[in-house]
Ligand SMILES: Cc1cc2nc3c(=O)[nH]c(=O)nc-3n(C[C@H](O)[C@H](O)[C@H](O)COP(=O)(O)OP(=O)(O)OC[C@H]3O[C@@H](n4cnc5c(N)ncnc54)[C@H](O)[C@@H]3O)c2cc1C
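Only one chain is included here, represented as structure tokens and corresponding to the form predicted on its own.
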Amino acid sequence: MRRLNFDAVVIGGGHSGVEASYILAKAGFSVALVTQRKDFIGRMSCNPSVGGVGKGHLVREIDALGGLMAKIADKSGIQFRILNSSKGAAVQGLRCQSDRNRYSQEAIYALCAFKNLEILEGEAVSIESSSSVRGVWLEDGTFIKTKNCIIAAGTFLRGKLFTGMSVKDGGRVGEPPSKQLSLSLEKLRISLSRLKTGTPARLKKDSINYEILEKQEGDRTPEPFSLYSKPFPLLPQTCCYVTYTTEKTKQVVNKFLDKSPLFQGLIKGIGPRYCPSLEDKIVKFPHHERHQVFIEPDGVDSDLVYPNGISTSLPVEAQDEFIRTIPGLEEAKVEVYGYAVEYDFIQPTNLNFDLSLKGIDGLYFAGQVIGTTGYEEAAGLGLYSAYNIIKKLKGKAPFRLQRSESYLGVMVEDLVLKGVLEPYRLFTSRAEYRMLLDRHTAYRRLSKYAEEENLIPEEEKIFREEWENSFRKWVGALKKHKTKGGNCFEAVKRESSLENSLLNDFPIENPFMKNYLFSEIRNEGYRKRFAEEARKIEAALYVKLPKDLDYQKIAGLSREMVERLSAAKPETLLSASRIPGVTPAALSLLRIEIEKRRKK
């Protein structure tokens, strides 16, 4: 029997496991990353892209905290776009199309650069613990002694793959599930439930008729996820395309519903609400005439495309038929068929705020295994759990981010306090203080935490300091420059568009600094108001709620909030915040109601 010893063990080489092992190794601790195949580390199981609305903010935050995702997304990106570019920075979303293989390669290169990180190919089958973790057993009999373990198993815990009425064991196509680890967790009295996700077919690039599709170009001046990424962009930039389903598509899908594992009851797990399968869309939204399909290249040298928007678990004959009803895909050749995957997860309400399991010291969970969906959410949670192991190993207090300072803090609190009924996806709308959290301010908000643990190289630390100093310099210059009726700072605040902004009259060479300035100046008043509101809420959490409080009489509370609060009868705002489904907006209304009563 082989025996090994590490400060921490990370189970799973997906986006969560990559981020966790990277941060722990970067902090100087010995780390074992256990994964079935080294060459599949950081693999993009679904669409080859990073970022989006809410998600793009999170990737920038990961970078600010010393993480990896932003930098490898920049190195492997083949198209960069700002989503919601016509709206304010708080709800814009940086997104990139990625070279699928290059992304995984960059993740592997980054991890292999650490001498204190060992990648172990194999299957983790058992956690040895009582009230605390003692080690991890692998299938080949290897025992890894450790006091800290992160389970980031993604969709592999007792994973099952569905294509039509055909069911196979697997965590991903061509890869076996992890059954024994699920059994080990159940022996530790950890309750597991089921969730579901899915993916569309992969199509041959040269079988698509691009001439009749809408072109979707990248931004003329692409913005990196990490402002430290140079040179950027690294790879040749490419184009995506858009098409739509048709009435014929709907007819084909409806014809095969009797062979749908989703509608025939084979799949028990709940799927992601905001990324439904094509059959789900057609059944739930029959009034929609068509649905968007994005034709996304798989990579610079890949001969495949990813048809984003037609995820399915219908049988192969149904996929062959409905795909060819979509304009531009009439002659499409399928390389890999779409499928659904159902898997075990642990309800995150069983975790502490440091993402460790209640009752077992040193056992952490991160990523899809705690009910999230998406590469970015998984990476953020992997980083978060690793930060807490670093704190623990150094004898420090646990790491905790507040809702008012990061999307990562919003996500962790949502998960731990409220749990999930379906796979959790991060949106800007989940943050009540999103005006404080746009992508431009991530370094200012979060760099201090990374610097405290020496996770930022000196040259990058200098770059960040110079960036913020430059920001302050330009703010000062704008305030000094007089204009009719005041100064340039006040004039920019009144402008509605960066395109015609007075900022263009100043020699600000970096376009991203110009965006940063415009966002900060335009929204200064809102930020101050939101910051004050956040301070008041945090101070009021322990204030007791009156016993005679009639929730029906509080203006603005929805019927759902009234029902939830009336049933639970919380004693404080803090206990109200822990009621599943109670929103931050409802808490603000309760706080205002308490203040009104005090004034009377």
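From 1 onward, residues are counted along the sequence shown. Predicted model, so just to flag it, every value in this text is computed and none were measured.
Just so you know, the form predicted in complex with the named molecule exists too; it's not on screen, but the next bit is about it.
Heavy atoms of E321 never reach within 4.5 Å of the named molecule in the predicted bound form, leaving it off the interface.
The named molecule is not drawn, but in the predicted bound form it has no heavy atom within 4.5 Å of M411. In the predicted bound form, the named molecule sits beyond 4.5 Å of every heavy atom of G380. When contacts are judged by a 4.5 Å heavy atom cut-off, Y375 counts as touching the named molecule in the predicted bound form. Between 90-98, 249-257, 322-330, 120-128, the stretch whose residues reach within 4.5 angstroms of the named molecule in the predicted bound form through a non-hydrogen atom is 120-128. Within 4.5 Å of the named molecule in the predicted bound form, a heavy atom is found for none of G56, I78 and P307. Only one of I72, V341, L278, I295 comes within 4.5 Å of the named molecule in the predicted bound form through a heavy atom, and that residue is V341. In the predicted bound form, no residue of 284-304 lies within 4.5 Å of the named molecule by any heavy atom.
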